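Take a look at this one chain, the form predicted alone, written out in structure tokens.
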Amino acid sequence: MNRIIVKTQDGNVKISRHIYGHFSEHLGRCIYGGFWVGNDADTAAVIPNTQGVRNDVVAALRHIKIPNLRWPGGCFADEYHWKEGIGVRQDRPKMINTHWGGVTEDNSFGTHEFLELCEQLRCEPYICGNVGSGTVQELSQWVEYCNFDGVSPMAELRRKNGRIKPWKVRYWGIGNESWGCGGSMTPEFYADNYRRYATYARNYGDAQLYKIASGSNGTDLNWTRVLMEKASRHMDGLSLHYYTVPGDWAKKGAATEFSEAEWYITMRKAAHMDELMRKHGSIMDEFDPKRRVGMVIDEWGTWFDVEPGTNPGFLYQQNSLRDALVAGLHFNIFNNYAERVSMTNIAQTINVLQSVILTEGLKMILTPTYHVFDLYKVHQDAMKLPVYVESEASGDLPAVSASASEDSDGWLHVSLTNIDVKQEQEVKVELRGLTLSPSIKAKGRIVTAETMTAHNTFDKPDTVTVKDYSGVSVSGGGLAVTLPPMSVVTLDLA
């Protein structure tokens, strides 16, 4: 028997809505062919759009209450020069996307287009600045261009390009993966550069910046220690990147053709996020015991081999029930570390890696991962409730994980995952501090399927979707829950 205790009266930390953030890089078909219809009159006539942005994509992301969107990278950020992406589109210089496929980037999607997209999505923009190949002045002027409402060269340039009022962009990344594609720096060198660049990223009026330092590549604890020791008082967030890769980097494994053994390897590697957050969080606590600096996991997700016949540099992969369970595991971990985690961003939103949306011309489908975002959106800005989990084993892993919250309307939400491929799991949920009447009804929704490789296609878009869940009842003052194999469930109680 699995046992979960939810401490309903001990909630004192808000689960930031920004934990459910997204990432959009100039990579493959994420921007072009994903979000952006662009200047092609023939394409724009076929695909409904508003100012070049696909209407169906906007509607889908607004449904899951997308809180923020990170852009323009990723590795692309540290070769991107923002002034090449403003002004008359046909006059913008072209460049080579050296990181992702060696394709021509025509810069038709730049600052104005991105911020228009965020306004349509009703989400916060998160801009990642160029530290690897850009200058301090370049980043400083980008902030001024976006945020200053007075008289200055950059504010006047923005007005000339059609935007009168500033956007007041709050979230700014100071470089990306500076240990690797963002400059191959040592932590000491980057810490000095971070302080320098961050100094000139100014606050203008009430546009107060939230500055995010480029953090560790997963297991590099020393990077976190050096950054916290040398630069923590200058930062608001410190990033962490970690991808769930079932194989090695040369042979990662297929997205929809995999064995039961590969399923469990994937779950084990996804669960490793908990250890990483505990270890990096412990170092952060040494230098920041009040937890002012947020942990920002602004790249996470599964990474498999690309789909056969697609450009290897476009990182296009399908998305199966396995991805849905990885998302559920991650969200439970993030929710349970809400006192330190201020933001996370799945990589990436459309057509790249663990996408929530796939597009093909006029067609659009929602992936199993999308539906898990839909299940967990109830936790956004709700109060975290501590959970204690005793779980049966599935292989060498706990079968069940959980997180819980209470929202401002008094609704209690409990999210559960069962990673077991074959066995359903009976779970007793004790809601400590709360007395339930037998007449109380708990409602729920579930994401699951009959096979572990189940996924949605353009011909069969609803193979894996959200369904109503009835496997819960009030028992002994708590909840008796039956979790089907390979399932993600969210329960809601008034």
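Small disclaimer: the values here were computed from a predicted structure and weren't measured. For every residue, the number given is its place in the sequence shown, counted from 1.
One more form of this protein exists, namely the form predicted in complex with ligand AHR; it is left out here, but the text below deals with it.
The single contact residue among 296, 356, 353, 213, judged by any heavy atom lying within 4.5 Å of ligand AHR in the predicted complex, is 353. In terms of contact with ligand AHR in the predicted complex, the residue from 413, 241, 158, 280 that brings a heavy atom within 4.5 Å is 241. Of the candidate stretches 144-152, 299-307, 403-411, 86-94, only 299-307 has residues with heavy atoms within 4.5 Å of ligand AHR in the predicted complex. Ligand AHR is not drawn, but in the predicted complex it has a heavy atom within 4.5 Å of residue 100. Contact annotation: residue 464 falls outside 4.5 Å of ligand AHR in the predicted complex, judged by heavy atom distances. Residue contact with ligand AHR in the predicted complex: residue 348 places a heavy atom within 4.5 Å of it. In the predicted complex, residue 176 approaches ligand AHR with a heavy atom inside 4.5 Å. Residues 57, 123 and 373 are none of them found to lie within 4.5 Å of ligand AHR in the predicted complex, as judged by heavy atom distances. With contact defined as any non-hydrogen atom lying within 4.5 angstroms of ligand AHR in the predicted complex, the contacting residues in 71-86 are 74, 75, given in sequence order.
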